[in-house]
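Next up is one chain by itself, shown in structure tokens, the form predicted alone.
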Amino acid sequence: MRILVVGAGAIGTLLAVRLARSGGEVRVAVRGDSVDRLARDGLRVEGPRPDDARVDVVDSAGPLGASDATLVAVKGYDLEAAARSIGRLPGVPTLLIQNGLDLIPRVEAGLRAVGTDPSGVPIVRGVLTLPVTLLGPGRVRETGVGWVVLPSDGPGPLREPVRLWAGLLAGAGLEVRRVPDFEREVWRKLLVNAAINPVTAMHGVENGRLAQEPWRGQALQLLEEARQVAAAEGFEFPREEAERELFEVVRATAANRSSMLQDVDRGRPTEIGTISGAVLKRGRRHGLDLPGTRRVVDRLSRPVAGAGAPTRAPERP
């Protein structure tokens, strides 16, 4: 099975290694400045299940080569650019692993930009709960236990692509959970992301600090605002359930630096737009006032390098 992985951040690197070691013929597409280094040094996963792999590495701006399945593992804000690359491979079952909402329209816009009809690219969304930290180019640490959530069965033309990706991921040693109400699981993950990521990114703290004040209160406010929007969208999550799940994740990933904090650390854009920005946008449609969410969107939408970088509060002992 020829598998193309677009993006070699934390998730792309982890999944590329797991898929390659399970027997897949994996090719990784990255921006030009990373090609030579990853091709030379390979990919490595540290943690409870250490592993490494050498894979073909290509420039995402050039020919990608033929593939039987494509995994898009870039950040949400890079989805349109990634779609322009994969638009040169129409018809390939494509899995999106990103945080947030309104992702497929971004992919469709990228496909149209290169003259590819989006209906000709089977797109499957997945939700990943694996905590992974990027240590450097091609090096990641798996910091806890998680799984991949996929739809129990796709509608019509997505039925086989969903089954294909479920089989590939399970064969790579990942726990795959297939659920009938997949959109509810998207919102479930979003509630956690909307509470954890902005607070850790603004204050420069690991996930476990959110069990303490003042970060706990900030996270709970963001969780409650996102929960209200989810309810307005037709996805009810009882407050007690949402808070319990939030702090289960906080405890399970206590030593992890959230993906948004990792982006801030490296002076890169964050996924605030597809997470909290999407919550704010949906909330406005329903006439909801979301002061906490609005504040973190304003703060983290600024450039994250130089003078615009979020100022970190000192960590408490």
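None of the values given here were measured: they were computed from a predicted structure. The first residue of the shown sequence is 1; numbering continues from there.
Below, we turn to the form predicted together with a small molecule, even though it does not appear here.
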{"query": "Whether Arg2, Ser22 and Thr70 all lie within 4.5 angstroms of the small molecule in the model of the complex by heavy atom", "finding": "no"}
{"query": "Heavy atom within 4.5 Å of the small molecule in the model of the complex - the one residue of Val249, Leu280, Val45, Val58 that qualifies", "finding": "Val249"}
{"query": "Contact residue in the model of the complex, chosen from Thr116, Asn99, Gln218, Gln228 - any heavy atom within 4.5 Å of the small molecule", "finding": "Asn99"}
{"query": "The small molecule in the model of the complex: contacting segment from 23-31, 45-53, 251-259, 62-70, heavy atom within 4.5 Å", "finding": "251-259"}
{"query": "Partner contact for Val74 in the model of the complex: the small molecule, 4.5 angstroms, heavy atom", "finding": "no"}
{"query": "Non-hydrogen atom contact Asn207 with the small molecule in the model of the complex at 4.5 angstroms", "finding": "yes"}
{"query": "4.5 Å heavy atom contact, Leu95 and the small molecule in the model of the complex", "finding": "no"}
{"query": "4.5 angstroms heavy atom contact with the small molecule in the model of the complex for Asn193", "finding": "yes"}
